[in-house]
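Only one chain is given next, in structure tokens, and it is the form predicted alone.
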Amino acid sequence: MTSKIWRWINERIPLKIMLQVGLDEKIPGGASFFYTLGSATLFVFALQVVTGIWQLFYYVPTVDHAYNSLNYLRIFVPYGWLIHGLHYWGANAMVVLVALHMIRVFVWGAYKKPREITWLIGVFLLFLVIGMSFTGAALPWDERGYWAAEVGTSIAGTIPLIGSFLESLLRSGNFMGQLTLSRFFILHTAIIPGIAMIIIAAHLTAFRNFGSVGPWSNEKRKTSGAVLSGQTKLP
């Protein structure tokens, strides 16, 4: 039954070809654990989206009920503790994975021509991940969340020329309160994830256009250089 449905859909929409183009790719030099960092980051981001949407059914973005609504989710909703835990630890894991992925890219020289755009998009994604982590920390509006937002916005206020504007923009005024929480909520749940999805699509497109770079590339360049200099005899 399932195969018949799949065949019927695939005859009208080329899903099989689309999946092959999107997922199947030969990696020169063979598979490596280091190549999983980017895919792991994408998986964790998808997990954040799913668990975040689930929490939206219970979270109340007000200074009076934010913390209590999360406590209700964790204590009384079946498996709510699991959903919240996956979202909380997934946020920390995503920051670590993005940092490791960028270190790998930098060490292997994947930022060089013609992959400069891929690298720059990745740097922008790093800032978006940090932004999601920062805005998400304030949403429980407990003591830790409040002071995380207070310190973070105060640091933004020290930036020359535009500091006071950024601080006022993030706080939605001169003081921390309901408008601050509302602004962090919309940034964390809609604006930053929406931008991230678009940038991720651009990042994957640029990556698939030029392919992977790894230690095998350096060995290939060394071998080519030795051949051209006459140090290696061709068979």
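Residue numbers run from 1 along the displayed sequence. What you are looking at is a predicted structure, and each value in this text was computed from that prediction instead of being measured.
From this point on, the text means the form predicted together with ligand HEM, which you will not see here.
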**Study point:** Gly52 within 4.5 Å of ligand HEM in the predicted bound form, heavy atoms
**Key:** no
Exercise for review: Using a 4.5 Å heavy atom cut-off, state whether Val123 contacts ligand HEM in the predicted bound form.
Suggested key: yes
Check your understanding: How about His84: is it within 4.5 Å of ligand HEM in the predicted bound form, going by heavy atoms?
Key -> no
Check your understanding: Does ligand HEM come within 4.5 Å of any heavy atom of Ser39 in the predicted bound form?
Key -> yes
Exercise for review: Flag this candidate site as yes only if Val60, Leu70 and Ala148 all have a heavy atom within 4.5 Å of ligand HEM in the predicted bound form; otherwise mark no.
Suggested key: no
Study note, to complete from the structure: Which of 203 to 211, 162 to 170, 179 to 187, 62 to 70 lies within 4.5 Å of ligand HEM in the predicted bound form, heavy atoms considered? The stretch 203 to 211
Check your understanding: Taking ligand HEM in the predicted bound form as the reference, which of Val105, Met132, Ala156, Leu139 has a non-hydrogen atom within 4.5 Å?
Key -> Val105
Check your understanding: Which residues in 95 to 121 have a heavy atom within 4.5 Å of ligand HEM in the predicted bound form?
Key -> Val98, His101, Met102, Arg104, Val105, Ala110, Arg115, Thr118, Trp119
